[in-house]
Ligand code: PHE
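Below sits a lone chain in structure tokens, taken as the form predicted on its own.
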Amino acid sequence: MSSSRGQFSSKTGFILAASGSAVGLGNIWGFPTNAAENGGGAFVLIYFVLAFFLAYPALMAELIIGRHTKSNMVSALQQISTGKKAKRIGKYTGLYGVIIATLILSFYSIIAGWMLAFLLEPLLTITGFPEISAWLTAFGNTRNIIFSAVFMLLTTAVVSAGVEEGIEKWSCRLMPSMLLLMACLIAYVMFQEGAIAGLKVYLLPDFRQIGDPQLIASAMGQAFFSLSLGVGTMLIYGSYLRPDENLPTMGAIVTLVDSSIAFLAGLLVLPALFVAQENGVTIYNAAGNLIAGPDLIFQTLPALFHDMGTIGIPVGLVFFSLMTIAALTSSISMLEVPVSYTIENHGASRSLATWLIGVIIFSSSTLIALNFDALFTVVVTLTTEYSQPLLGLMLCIFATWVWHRDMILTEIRSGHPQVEQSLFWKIWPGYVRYCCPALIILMFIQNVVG
């Protein structure tokens, strides 16, 4: 069955694909400003702790279920359930995950389309097309829809090629490219005036805030969402793993790589913000907080690149290349969620399933783009703040309350024969059974109350 579904041909391929799924736009623009607003180095420390004490255990639940069942989220949760009621709940939980993944990609492709537009802007500026250049960076329905379509074409082309020739092949190309671009930008920014001030804000811990519930909640949310947990992306990637792979080690490497790239993003974005301030760019909003999210990427940093003069053109080009790659590696994994379900549960070919779902997602993106003020924030909130934590909670429950403990042990043993004597097995089952659900519920309540 695994051969017909496809599987990762190497450990490196899986690690780069899974890390690429985790390293998205929110990780690059969200982590640095979250750190700056929540105690600097204190936030970074708490984030790394929670990445391994919350995100890693939940990630392992998805990987183990995925590799054991060799199925998409809908079928996987039914397979590990024994009673009719549990199977029914598993089916609807899986379907909800497929819907949420589709909705996330619907708004994500709009933002990623903006990245593509800003990537092209320096090129058109150099070649002498100022009118087109201005259109690319101005908010508008036509621009949003066209570049959302272009981005979905890129994503669909990769996923339609399959696991090895599409997802793995392109992840092995895109992730090293992204790391190289990030390293080059960090090296450049560090030598600019104002960079050290940003570095101090980022790295020097304010330990007075380390017990602040807001800091802990922010770090918990960042750790959970940065690993693409809840909607089944990691479950599906786990289903493409070979039986002889050591799951605890693979999960730990993915968590470490994702956390490390988030940390590197902070080394780039925070110093760049303060370099922008030295150049006269406003980096604090009316409430006195550092500008974050889309305003950071599409207003503050472009203003910095513009003020740099001629050198700002290649710097902006490299930056938006980095952001486009980050967007693409995440969107690939997100599209695979509904594609794998359609292939396995409805008998469609990969090519047909991928392009059909690509069209559905683009149609949904167009609807959101045309009703941006009414729909965009609602869809983002519904999917990332409410649905992902609840789906993550359900996956933890299915992995430890519904699925038999001995079956889990047998699955992990296939790639790690001594796992029963390991510290991982002594802690993980009980931790995911009790602590992870409690932490996720607390995070969910914090989001709702906030």
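For every residue, the number given is its place in the sequence shown, counted from 1. This one's a predicted model, so the numbers in the text were calculated from it and none came from an experiment.
The form predicted together with this ligand exists for this protein as well; it is not shown, and the discussion that follows is about that form.
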| item | value |
| --- | --- |
| Which of 317-325, 303-311, 230-238, 180-188 lines the interface with this ligand in the predicted complex (heavy atom within 4.5 Å) | 230-238 |
| 4.5 angstroms heavy atom contact with this ligand in the predicted complex for residue 259 | no |
| Contact label in the predicted complex: residue 25 to this ligand, heavy atom within 4.5 Å | yes |
| Residue 38: touches this ligand in the predicted complex, heavy atom cutoff 4.5 angstroms | no |
| Heavy atom of residue 108 within 4.5 Å of this ligand in the predicted complex | yes |
| Proximity to this ligand in the predicted complex, single hit among 155, 333, 218, 71 (heavy atom within 4.5 Å) | 333 |
| Answer option from 365, 171, 144, 226, heavy atom within 4.5 Å of this ligand in the predicted complex | 226 |
| Whether 21, 104 and 388 all lie within 4.5 angstroms of this ligand in the predicted complex by heavy atom | yes |
